[in-house]
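In the form predicted alone, a lone chain appears below as structure tokens.
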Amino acid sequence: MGETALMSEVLELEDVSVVRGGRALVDQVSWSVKEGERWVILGPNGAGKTTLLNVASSYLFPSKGTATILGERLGKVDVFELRPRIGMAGMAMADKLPKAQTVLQTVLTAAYGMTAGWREDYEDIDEQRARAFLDRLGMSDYLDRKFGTLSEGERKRTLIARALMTDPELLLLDEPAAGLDLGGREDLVRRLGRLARDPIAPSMLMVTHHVEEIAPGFTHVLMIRQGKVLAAGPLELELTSRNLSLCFGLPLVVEQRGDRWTAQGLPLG
């Protein structure tokens, strides 16, 4: 098997279960993500979406089954060598970052490991890249603002810029639009869509429970309920009213309008 064949798969889960306190948070999940695909992980609260993302990030090991990330099998690889190849943006990350650092510093420190403090000797090229990623995410006017003073939406956009800084091969987004108002959500979805359609952007996995948050350019969906996979495949094939109704446990109608999706419950009566 040549290196290209190996690397065409960014993530390979085989019969993965994660058991905590006798309960399976994810239950015998088999799932394959190929290079360049953009996946949405969709399901209700407590379905196991974030658990799956934590396995994909190498921060959580399967209790059973095997997980192979970027060609490296968890349990047989030094995760500290693997992790810089994976970009992760989620609110759990926000709590670990110094609130007093500026937005620019917050993004720049990603290039030097998690805990790096501010140093004067950052390379010009790093600073240019940080500014470019922040610009792409609409944060150019906030470079000198302290991270701790940002709104939820501004923090999320900063974290995505930060996750891109290490030039990852896989980008993980944990509910990037949660807590945003309508304007903030639409702005973020538009920017994520631009990123998703960029052929040199990394492969992407995004957790959400709202089909309205699926950005244009996303290609596949994995639906999960109570730790089990209900459906996995191209959005156009798998994001159906039937699958969504099964996933969320009530009758829903899903529609595609242009390059966006909407879902609503059937009227009572």
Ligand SMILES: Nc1ncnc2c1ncn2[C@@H]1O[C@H](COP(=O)(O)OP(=O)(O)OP(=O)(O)O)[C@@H](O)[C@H]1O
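Keep in mind the model is a prediction, meaning the values are calculated, not measured. Residues carry their position along the shown sequence, with the first being 1.
Although it is not shown, the form predicted together with the ligand is what the next lines describe.
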Worksheet item: Which single stretch, out of 198-206, 63-71, 215-223, 50-58, brings residue heavy atoms within 4.5 Å of the ligand in the predicted bound form?
Response: 50-58
Item to complete: Answer for E154 alone: is it within 4.5 Å of the ligand in the predicted bound form, judged on heavy atom distances?
Response: no
Practice prompt. Although the ligand is absent from this view, report whether R257 comes within 4.5 Å of it in the predicted bound form, heavy atoms only.
Written response: no
Discussion item. Residue-level contact is defined here as any heavy atom of the residue lying within 4.5 Å of the ligand in the predicted bound form; does P44 satisfy this criterion?
Written reply: yes
Practice prompt. Look up in the predicted bound form whether L13 has a non-hydrogen atom within 4.5 angstroms of the ligand, and give yes or no.
Written response: no
Worksheet item: Can all three of R20, R23 and E175 be found with a heavy atom no more than 4.5 Å from the ligand in the predicted bound form?
Response: yes
